[in-house]
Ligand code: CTP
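Single chain ahead, written as structure tokens, the form predicted alone.
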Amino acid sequence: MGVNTMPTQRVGEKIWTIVVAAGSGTRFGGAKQFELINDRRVVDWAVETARAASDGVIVVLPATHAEREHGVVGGASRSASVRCGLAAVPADATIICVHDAARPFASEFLFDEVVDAICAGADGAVPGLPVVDTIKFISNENVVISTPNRAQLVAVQTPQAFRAKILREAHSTNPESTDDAALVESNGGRVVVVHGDPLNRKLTTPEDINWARAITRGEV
């Protein structure tokens, strides 16, 4: 007889992940999610970990890739692409994670951390790293308005996890944001922060891709 290794707090939970990989890569100069890191594409690294950490995965892709890769066609914005993914997540999912394909080195442990926070009662959970630089709020004229206390600031990553019903409600009016947690927050949800991972870097420029390749070769 097998032994059930599922953590007690996860019994009865159905965890799905939406991997958002539909961007055009304007800042990168091309579709960075299809760049190779060694012998695998950026999106493949992200999806592999998501599959290991979830009961099911929906991959949101550009229309040119979605059909042949059995993915979902994305929308005109990141939020719209998440909603395309949400429409494909089964109705009985209880926890939904949203992960950017541009973070190929997110660990299964990090997925577990945000999911466990939802199981413990949070509406949403995000990984965050302390901000080491001083941050300034500035006006349109580049004049400093104020300096927030960096001890109260974190740089947020994905995967982000949410109670499924709450994430669906937050997206129900088709709002826009660069971050799903912000939508849940603005809808009255309680979002907590877990420790992020410096290795979980977002690939934005060609230099970032070079860094990722060097990491996998043990050169960094």
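Keep in mind it's a predicted model, so treat the numbers as computed, not measured. Don't overthink the numbering: it's just position in the shown sequence, from 1.
We do not show the form predicted in complex with this ligand, though everything after this point is about it.
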Task: Candidate stretches 69 to 77, 125 to 133, 146 to 154, 104 to 112 - the one whose heavy atoms come within 4.5 Å of this ligand in the predicted complex - done: 69 to 77
- [ ] Consider residue 20 of the chain shown here, and say whether it contacts this ligand in the predicted complex, taking contact as heavy atoms within 4.5 Å.
- [x] yes
Task: residue 196, heavy atom within 4.5 angstroms of this ligand in the predicted complex - done: no
TODO: With heavy atoms only and a cut-off of 4.5 Å, decide whether residue 9 touches this ligand in the predicted complex.
DONE: no
Open item on the list: With the partner left out here, check for me: in the predicted complex, does some heavy atom of residue 24 sit within 4.5 Å of this ligand?
Closed with: yes
Task: Residues 83, 169 and 187 all lining this ligand in the predicted complex, heavy atom within 4.5 Å - done: no
